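First, one chain by itself in structure tokens, the form predicted on its own.
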Amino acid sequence: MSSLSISRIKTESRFVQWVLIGVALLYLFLLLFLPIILILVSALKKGFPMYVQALQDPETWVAIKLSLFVAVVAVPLNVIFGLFAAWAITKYSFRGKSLLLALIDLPLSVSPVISGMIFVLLFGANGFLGEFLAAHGIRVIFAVPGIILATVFVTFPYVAREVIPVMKAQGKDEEEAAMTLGANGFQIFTKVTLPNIKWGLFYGVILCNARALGEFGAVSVVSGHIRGVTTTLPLHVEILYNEYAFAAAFSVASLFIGLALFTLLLKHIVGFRLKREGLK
């Protein structure tokens, strides 16, 4: 049988192709584009001045500042952990490597609400460390430190999961060559390893930052919903919606649409660079 005949057998008919494309587009429209359109329409339902007023509300700005602060703290911590974990997994052989990989993926398989409950059981007033923290005047739960801890926990896999495959693809040859030339560990990492993994690292940072800003479940449990104190942007949207301030809730939610589109654009650009370099 000729190659032309084989290609004709493997190629679906035009009708089947259009049906599959149509189903995919309909699915995306119902689950992605339609909710976005409804959020924007609801946000502007009472006019643009009301939209601007909702975004200028002092409590909204407190929520924005807290969300940004948590992300600024959580993302660098996860970058450090991700680089350390990726270096250990890809450069060394040791017992328990598969266990370490499984533990890195643990937050992705545990409900965020359960993650928040874990921190309440550890650091809450009646928790395992509650009496010790209270005796020293340290407040974790229903305070900003608890929000940071919960956010770090649910986001720490993202950087490691992106950097590990890139480091594996790069191999050890360049590092070993630099070592034979007399470079120390810090020089090898900054001059050889880091330039090779920069796009994978940036890709992981984008995903980690997006999840940190949008995290709801774990933060909802540990924050206590103290208005103007421990309410991040997602929690502020929930409070406005529960108070029937629908226009304001959707106006604030529209900020996440802008963040999502910006994140998607960066993700596409970095993903293209990774594919161009043959690392993804």
Partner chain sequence: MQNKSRRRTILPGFGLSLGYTMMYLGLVVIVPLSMLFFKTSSMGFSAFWEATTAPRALASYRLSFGVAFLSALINAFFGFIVAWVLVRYEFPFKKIINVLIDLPFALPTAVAGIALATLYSPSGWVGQFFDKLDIQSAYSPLGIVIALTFIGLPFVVRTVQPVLESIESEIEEAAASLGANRWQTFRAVLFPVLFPSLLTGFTLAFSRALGEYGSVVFISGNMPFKTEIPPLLIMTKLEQYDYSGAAAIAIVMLLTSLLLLLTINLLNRHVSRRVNDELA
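Numbering follows the first chain given and starts at 1. If you superpose the two forms and keep the largest set of C-alpha atoms that fall within 1.5 Å, you have the rigid core. Nothing here was measured: the structure is a model prediction, and the numbers come from that model.
Quick note: we don't show the form predicted together with its partner chain, though the next part is all about it.
* **Residue contact check: Phe33 to its partner chain in the predicted bound form, 4.5 Å heavy atom** => Contact check for Phe33: yes, within 4.5 Å of its partner chain in the predicted bound form.
* Asked: Wondering, does Ala71 line up within 4.5 Å of its partner chain in the predicted bound form on heavy atoms?
  -> The answer is no: Ala71 has no heavy atom within 4.5 Å of its partner chain.
* Is the gap between Tyr51 and its partner chain in the predicted bound form 4.5 Å or less for some heavy atom pair? -> Close contact is absent here: in the predicted bound form, Tyr51 is far from its partner chain, nothing within 4.5 Å, heavy atoms only.
* So in the predicted bound form, does any heavy atom of Leu38 sit within 4.5 Å of its partner chain? -> Residue-level check for Leu38: yes, a contact with its partner chain.
* Honest question, do Phe84, Ile188 and Ala253 all end up within 4.5 Å of its partner chain in the predicted bound form by heavy atom distance? -> Yes, the whole candidate spot contacts its partner chain.
* Asked: Can you tell me which residues in 221-254 come within 4.5 angstroms of its partner chain in the predicted bound form, by heavy atoms?
  -> Going through 221-254 in order - heavy atoms within 4.5 Å of its partner chain in the predicted bound form - the hits are Val221, Pro234, Val237, Glu238, Tyr241, Asn242, Ala249, Phe250, Ala253.
* Asked: Can a Cα shift of no less than 2 Å be assigned to Leu259 between this form and the one not shown, given superposition on the rigid core?
  -> No, shifts by less than 2 Å.
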